[in-house]
Ligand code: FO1
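One chain is shown next in structure tokens, namely the form predicted on its own.
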């Protein structure tokens, strides 16, 4: 059994690759990007993973449903409402149904499971928690939700700090902890270490389980040198005082990871990473197509599973 800790656009490629070659895969998804918008509960990372595994993801954008229309958003614009978050019409149906089920008292986990079955996805998808957690960006222009910072404000304001609001009161999913405990291999996807993976591993019960299973945990670097493969990983890491490099990633995961897969171009960081007691493994970590996804995931399974 393999468990993947995943965010959104930086993780969905690995989720797709592993799902194609593993019959026993569970994905624990970040939920700190979740937000209430237009009265609806939107779960960007869960949906990106779901759409990716259902083979309906808009791969050009990295989120949303391929070929979706935006008539709802156009009407909101006409009515003078906010329209900065690009919710497509088919995407909107998911948010609406999810919100209605939440109002009926259903948990986010049970709703995610219901949606998974509706899309005939065999891979299990589990929110890290049924509690509401938000990644908040403290900036020179005020405190804002991560989606407001990244999408609405185009990551322009200077970052003063990043926090996970609600994390202290939240309870990690019992099933998520069980998946980690019972897995032969736990993989940390090359998602943003701060915003995509950070909220998951900041939950005490999940972190404790990862620490106890450290020998069986492998992370994939989301960076080549000091540049992120996608998204604002470098920006967020630097804002948190973490070196933007594979070594910085290793240091961030030091207590929960025993192996780090890095780019073949990053040999210069190996000595420093080894000093943390973490082994390095060099290969191509850029996934530009389906073949790359499967190749990297095969590399991980062959190298680490049942090692």
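Residue numbers count along the first chain shown, from 1. Everything numeric in this text was worked out from a predicted model, so none of it was measured.
As for the form predicted together with the ligand, it is not shown, yet the points below apply to it.
- Item | in the model of the complex, residue 119 touching the ligand (heavy atom, 4.5 Å) | Flag for residue 119 set to no.
- Query: Does the 4.5 Å heavy atom contact test between residue 147 and the ligand in the model of the complex come out positive?
  - Reply: Residue 147 belongs to the contact set for the ligand.
- Task: Could you confirm whether residue 151 comes within 4.5 Å of the ligand in the model of the complex, counting heavy atoms only?
- Result: Contact check for residue 151: yes, within 4.5 Å of the ligand in the model of the complex.
- Contact flag, residue 22 vs the ligand in the model of the complex, heavy atom cut 4.5 Å: No, residue 22 sits far enough from the ligand in the model of the complex that none of its heavy atoms falls within 4.5 Å.
- Message: So the ligand isn't shown here. In the model of the complex, which residue out of 168, 208, 160, 86 has a non-hydrogen atom within 4.5 Å of it?
- Response: Filtering the options by heavy-atom distance leaves 86.
- 243, 246 and 269: each with a heavy atom within 4.5 Å of the ligand in the model of the complex? Checked in the model of the complex: no contact with the ligand for any of the three.
- Within 89 to 125, which residues have a heavy atom closer than or equal to 4.5 Å from the ligand in the model of the complex? Contacting residue: only 91.
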